[in-house]
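The chain that follows stands alone, in the form predicted alone, written as structure tokens.
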């Protein structure tokens, strides 16, 4: 189905994140054959295709002026193979559905994006998504066994982990030397094509994971599953300053936690139930027996008894849920901001080497103060990975320029600390224009080579990863005098979807 009426286009003009871009049309394929026909039509006509799942991605990779391809309606097939520890899932199948189906077999898909209730399999592959448990289980790439992909010529291919089949892009000896020298040394990275992983594995899967719909359209994913650890315990540890927190993180990582979440005071101030500390670490441990789970919590508390000023512990799953409630209360608190103060995710996904975590948070605070933009800072401390909600007063003159300046400040900070601008959300349109600063021209030229090899006519998501000529991080914002005009009722409904994180809502419902 191809929809071109103005109200439908408006319903797809926004996603999570900061942009509003009106598409030319919306395509809603129901199966793989529909996708094949759509791609062949695009190849003949030159129309641009923007693959999209639930629309919860933040950096604008799910928006564009071409045809939005909504893969969240069909593609719902799901089969769990407990003997081979795998699940075969259509592109629209969410993380939550995979885990619901795997749980009766004692299995799960371990990376747990916070958006898991609505994050689709196709979308998680597109950005190499992760979440709190990435400190132990890594990002989604590690758990992708195979992909079904519709390529730019309309062909359907199965890319399998370990096949090392001859792909459409190869690395020269010189580029194999360049990549390890230029790729950052962070624990997580969702910036551009994963040439470092591809150089090691030779698997096309590694090029497609994290490619953000720029190389082809993923219609099915085969996930690797893992047994659910039977026992969980954890702690909430508060610190009086960033230095104490940043010194605690490597010690906690050495205890093999499954999660270490950071809640900075800039976020805690929105949660009345939160302890009064400069920063809070929420730590989770998963073990095979209850004694081991309790024991490692004791090790964590004893090891940090001189630096932690607030300590709470939990020795079972129910207690841990209660301990982590402060994290769940944060998002609703931010949703209750006054109408004049909008949450903008413009510097929301930076990742730095672990020893630079404290310096990065301090630098974020300083940059935000200099630009007079309140922020809420949190993230996955065990990976040096930090999320930021910028909270500008959109009635104040110059707020848009302030956001642009904050973007420049934080980009420079990440470069100085050896970080990357995205740990798990992807480049999208937001960060495409700064990749050359992080990788250098030679690596970005390799990125362009990957794009040409798989999508020579550039029909898939142009402007994502490889920037458009007129790139700007603050172009096409969803707020302000320059925002694209859409019907008021649809704008209101899109705002409510954003405030309530109701991304699973079919977007055509917003037009009724």
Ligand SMILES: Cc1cc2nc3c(=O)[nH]c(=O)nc-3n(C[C@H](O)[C@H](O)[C@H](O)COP(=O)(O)OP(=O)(O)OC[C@H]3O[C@@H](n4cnc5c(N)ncnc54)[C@H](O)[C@@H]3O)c2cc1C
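Since this is a predicted model, take the numbers as computed values, not measurements. Residue numbers count along the first chain shown, from 1.
Beyond the structure shown, there is the form predicted in complex with the named molecule, which is absent from this document and is the topic of what follows.
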Worksheet item: Is residue 51 close enough to the named molecule in the predicted bound form to count, meaning some heavy atom within 4.5 Å?
Response: yes
Fill in: residue 381, heavy atom within 4.5 angstroms of the named molecule in the predicted bound form
no
Worksheet item: If you check in the predicted bound form, is residue 58 within 4.5 Å of the named molecule, heavy atoms only?
Response: yes
Discussion item. Under a 4.5 Å heavy atom criterion, is residue 392 part of the interface with the named molecule in the predicted bound form?
Written reply: no
Worksheet item: Judged by heavy atoms and a 4.5 Å cut-off, are 265, 346 and 419 together in contact with the named molecule in the predicted bound form?
Response: no
Worksheet item: Of these, 432-440, 127-135, 316-324, 267-275, which stretch puts a heavy atom within 4.5 angstroms of the named molecule in the predicted bound form?
Response: 127-135
Worksheet item: Can you pick the one in 399, 198, 183, 118 that has a heavy atom within 4.5 Å of the named molecule in the predicted bound form?
Response: 118
Worksheet, complete the sentence: Exactly one of 194, 217, 225, 260 comes within 4.5 Å of the named molecule in the predicted bound form through a heavy atom, and that residue is 217
Fill in: Stretch 99-116 - residues with a heavy atom within 4.5 Å of the named molecule in the predicted bound form
113, 114, 115
